[in-house]
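Just one chain is shown here, as structure tokens, and it is the form predicted alone.
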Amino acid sequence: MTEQAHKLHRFHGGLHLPRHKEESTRDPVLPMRIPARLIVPLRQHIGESAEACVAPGDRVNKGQLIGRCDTYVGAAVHAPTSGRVVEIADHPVPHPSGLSAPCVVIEPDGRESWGESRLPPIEDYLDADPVSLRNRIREAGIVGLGGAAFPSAVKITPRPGQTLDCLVINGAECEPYITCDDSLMRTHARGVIEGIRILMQALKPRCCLIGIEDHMSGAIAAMRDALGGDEAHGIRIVPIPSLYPAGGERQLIQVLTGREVPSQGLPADIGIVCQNVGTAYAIYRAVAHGEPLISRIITVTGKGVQHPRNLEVLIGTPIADLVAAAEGYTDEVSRLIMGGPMMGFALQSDAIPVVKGTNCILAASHEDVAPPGPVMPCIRCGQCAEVCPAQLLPQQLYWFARAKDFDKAQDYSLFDCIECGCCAYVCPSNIPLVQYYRFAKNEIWAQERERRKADIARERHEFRQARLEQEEREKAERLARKKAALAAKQDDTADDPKKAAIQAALERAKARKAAQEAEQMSAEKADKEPSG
């Protein structure tokens, strides 16, 4: 079957953006030296945070479990190298708010000793039981490396009665500047393909489609060589047009299959699971080599660094070390951004560590982050709706968010917004539309949390009232039982012949005594009367 035989589809909207990819792909991936200190956050994924299972002063081996997460939606955390735990404390972590979170701080010893921490490799992984593969993926702490960091073991666990038709692999690195997936496919194409085959063994889909943007010619060629052509083992490589945000999960699925994920739904609802190429490679390393997710490729780029390139980095490495590996800052640096210019967020400091979901550190120049100009009133031009890949009405959402009419915003599918930034990019009035949508979402989430708290408080109050009423009923029932028992006792006394005879004897004795006392009183009275 030829490449042209696969029909491509088109999602609504999108933008052709300057790519800025060549700057960081001129050189091969550089493995970074071990930093002087690793700051490993215990929460690097969607879901519950892991709990530290080591203590300050402990010696740890490379790959050793240092954060356990027993909840279903969660991921384990492992030591990126061997060394000593110096503290477990709150440190600033990658987040738009600049918040701090619990981290395990490790001082490497430079020996890279695995000890007995390496998981046993699964030799026959292409014939392995799907449950054992999912368990290994969970043990290895693997999460989605495309940005969302959703625990992979959960994502590839089908619901009861669910049939998966297609596995979609996301190699469409659509956002400007980011090239970590491109470099991964060029460097480790064989491992990526083997990881995809492991995913197919775990999911048993009918087919697998790998979407790679057509300008990534080096990655496409490397993947074809590793696969043995455009199609093999039920896997097909499909070059797709370069259009932002073609790398969005819903948009890529629509381009490759023509199917649309329903509003507020999941790809699994239409028989599809989507995984990133980096996730596939991490799964291969975990299954075939017993390595948990402790490192990844990260793009360090922008006019703010001397030598843009891709680095293979241990999780927990401070961003300052990445910048140093890119030969330091230039005079043009203005802001550090984690992610790309469209969907990334600004960092407060370069002392913040990288996490599993870190794909790019963009050292932007003044020109790159120059204010777009004064915000002006909306002129209702409709350009935002034309480019919205989710087919929303950004103008209406803006008005509802601004007016805090959150019910209406939800009626207009606010939560289908993927925050790609296309609407704000084309807005002639320079309105920060995405910021309004994020504000509305956060307010709705806050209201939901308050509603849940109120529901819990109401349920506790109702439970207390029910408990008090039950106690009153039980008290009344006990009193009634006591009275009934006393009445029954009196009835038993009246009905017992022996007790009745005794009572009658007592009554007769009492009557005789009373008669004797009366006779005595009469005699005494007679003695006192004078004789005639």
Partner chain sequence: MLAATLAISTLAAVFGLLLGYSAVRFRVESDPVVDQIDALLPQTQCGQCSYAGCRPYAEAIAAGEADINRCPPGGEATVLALADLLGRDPKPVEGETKPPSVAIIDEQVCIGCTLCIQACPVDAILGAAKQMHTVIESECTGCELCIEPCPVDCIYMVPIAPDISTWKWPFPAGETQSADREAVSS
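Note that the coordinates shown come from a computational prediction; the quantities given were computed from them, not determined experimentally. Residue numbers count along the first chain shown, from 1.
From this point on, the text means the form predicted in complex with its partner chain, which you will not see here.
Engineer: Mind telling me which stretch in 301 to 309, 71 to 79, 444 to 452, 352 to 360 gets its heavy atoms within 4.5 Å of its partner chain in the predicted complex?
Structural biologist: Looking at the other structure, the answer is 444 to 452.
Engineer: Name the residue from R467, R481, R26, K475 that puts a heavy atom within 4.5 Å of its partner chain in the predicted complex.
Structural biologist: Of the listed residues, the single hit is R467.
Engineer: With its partner chain left out of view, choose which of I379, V375, A89, V131 has a non-hydrogen atom within 4.5 angstroms of it in the predicted complex.
Structural biologist: Selected option: V375.
Engineer: So in the predicted complex, is its partner chain close enough to R190 to count as touching (4.5 Å, heavy atoms)?
Structural biologist: Judged by the heavy-atom cut-off of 4.5 Å, R190 is well away from its partner chain in the predicted complex.
Engineer: Can you check whether G229 is within 4.5 Å of its partner chain in the predicted complex, heavy atom basis?
Structural biologist: Contact with its partner chain, no.
Engineer: Residue-level contact is defined here as any heavy atom of the residue lying within 4.5 Å of its partner chain in the predicted complex; does A401 satisfy this criterion?
Structural biologist: Contact with its partner chain, yes.
Engineer: Is there a heavy atom of Y125 lying 4.5 Å or less from a heavy atom of its partner chain in the predicted complex?
Structural biologist: No, no contact at 4.5 Å.
Engineer: Would L65, R335 and C384 all count as contacting its partner chain in the predicted complex, using a 4.5 Å heavy atom cut-off?
Structural biologist: No.
Engineer: Considering only 404 to 421, what residues come within 4.5 Å of its partner chain in the predicted complex, judged by heavy atoms?
Structural biologist: K404, D405, D407, in sequence order.
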